[in-house]
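One chain comes next, on its own, written out as structure tokens in the form predicted alone.
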């Protein structure tokens, strides 16, 4: 098994073929607007070689993630694809592990990805993120009474303005950002039947709040895949703008916005859901946890963690399955080991062991979920790889209670 750096001159056509076999693009010539610029924008890209050809491709981009009021460097695993002839040969796991190791060596504190399904990336230490609520509604049922001004149209060519607005949007716990605008440029060019509307209200005419997505047919449904705003006033202007589409559009779908609950702003949501339970323009919502995260630097993550509850100190026996996916001579082999951990106003993690403290045993994926607030310790002890005395679990439940994490950036 040979895994090496992606080289466009040698590997581009093979990567396009892989993406076509995965169903991500329609033909291997579809590179000018997405595949080629997407890989050109990578901070790191690897390919797995079989019989001299690239048969697996992994794409990574560096960004950041918020932990309450703090910001930590984060590596994003943006795409993992394997051809039909290389399945079940561990290419994807090995290449992903190598990418994650490089992110750790480069100084990233965590790594995150969007998963194709639950379970596969657990073998390189990832744990499942929080539920995201995907809501569908008739825009005419929004109860917003705010005014809105005529917006400006946005197209994929406006990617730089859209990217800047995403980077300066209102951010909540667990939100992510990627500084390379070319990543977003490729993403916008990938959208079929795109539409975008926004407002350039910055002090120097910058885009401050917008929506961007897919407009299907005369009556929709419209899918809003990107949105950003900085103030509640801007949010309500966007919602009033969406409401105005209800003269023609019967259905709009989008992820709920950060820590807000869109149902609060809908007229008779239960009635509308029941009356449109089936069909193209149905109303309602679905929950799915589609992203995963793992720590790469435990002391860094805990050093940025401040929690209002009572201090909890314990020994942590941490296991990291990524070690089994990396070559024996790898310079970074994960973060498994023994630590003394404190959760509280000044959290910390230090290598070692204190015989006077209780012990928590966990995989890196499960402990990452606890740290980010995905699920409390007592719940993870039931469904994930985390064990400890009941008194320790109860103490962690009282202290480790950050808000629900929402990335707010599709990756």
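Numbering follows the first chain given and starts at 1. Computed from a predicted model, the values in this text were never measured in an experiment.
Another form exists, predicted together with a small molecule; not displayed. Remarks below refer to it.
By the criterion of a heavy atom within 4.5 Å, residue 123 is counted among the residues contacting the small molecule in the model of the complex.
In the model of the complex, the small molecule sits within 4.5 Å of a heavy atom of residue 86. Within this chain, residue 234 is remote from the site of the small molecule in the model of the complex, having no heavy atom within 4.5 Å. Though the partner is left out of this view, residue 80 does reach within 4.5 Å of the small molecule in the model of the complex, counting heavy atoms only. The partner is not drawn, yet in the model of the complex one stretch among 224-232, 88-96, 329-337, 156-164 has residues with heavy atoms inside 4.5 Å of the small molecule: 88-96. The contact with the small molecule in the model of the complex, taken as any heavy atom within 4.5 Å, belongs to 115 out of 115, 142, 245, 188.
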